[in-house]
Each structure stands twice: as structure tokens, then as C-alpha cells.
Ligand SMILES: C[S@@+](CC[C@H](N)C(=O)[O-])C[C@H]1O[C@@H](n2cnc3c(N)ncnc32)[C@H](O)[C@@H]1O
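The chain below stands alone and is given as C-alpha cells, in the form predicted alone.
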Amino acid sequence: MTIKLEKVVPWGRNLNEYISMFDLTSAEKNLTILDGPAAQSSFNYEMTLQGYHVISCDPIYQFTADEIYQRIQAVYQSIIEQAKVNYDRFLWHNFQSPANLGEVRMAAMEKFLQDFPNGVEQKRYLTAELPNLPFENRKFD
């Protein structure tokens, strides 16, 4: 598994976005969940705070929190500028503006970065990628 950090475009999502994207029910939150590729989302962090069990996998987890943070800083403004330039190509139902989108994404990534070192230690964040994951069959619900 070899990825180059300079090729990664970090863009994290939060728990509410996961609930919306996957129509995640309260009952399903109680299941053992595999999130992958998880990227720099705050889903694992937010679910763990609420007492749920999530394992997140992504090849970017081979890098340190500081390295990931540096990459976020390197590309963040460019992504927001691209959203502004392409404003009319997006549906703005969930975000008021490119600036608001950036604020939500950055908040998710900051929560991820805060949690990442502890999550790695607790084996909630694992360096892995599809299709070859290091789990037994039926480990997740």
C-alpha cells in the first residue's frame, strides 16, 4: 500500500453527514461498524464519544496527524476557491455557501486530527485499503 501524501485531497465529513448519506438509524448506530475508506472524517470520533463502536480504515493513516494536518493546510484554500468558481454546478441544500462548506469540513477534520493519535493507539484507525482488509469474515455488522 503506497500512496503519496501530496496526491491526497483531504475532505472530512461529520456524523450528521454520515447519518444522512447512509440513512443510518439509531438501531444501526449500535452495530459494529467498519468505515472505509474513512479519510479524515469525524465519524469515528463522534460515534466513540457517544459510546458506539467504529473501526476506520484508510491508507492515509500511515501518516502522522501532523503530516495529515500539513496536507490539509496545503490544499484547503484551493478546494474552497474551486467550490466558488464552480458554485453553479453544486446543489447548495446542505450548505449555505462555499465558505460554510469549508467550515463544516474543517471542523470535521479538526475533530479527526484531535482523535487520531488516541484512535490509532486504540486500534480504531487502521492503515488498510479495499479490497484487502485485515479482518475475519463477519467481524462487522
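A residue's number is simply how far along the shown sequence it sits, counting from 1. The structure presented is a predicted model; accordingly, all values stated were derived computationally and were not measured.
There is another form of this protein, the form predicted together with the named molecule, and it is not shown here; the text below is about that form.
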query	finding
Stretch in contact in the predicted complex with the named molecule, which is absent here, among 112-120, 38-46, 92-100, 76-84 (heavy atoms within 4.5 Å)	38-46
4.5 angstroms heavy atom contact with the named molecule in the predicted complex for Arg13	yes
Contact test in the predicted complex: Ile60 vs the named molecule, heavy atoms, 4.5 Å	yes
Contact label in the predicted complex: Tyr18 to the named molecule, heavy atom within 4.5 Å	yes
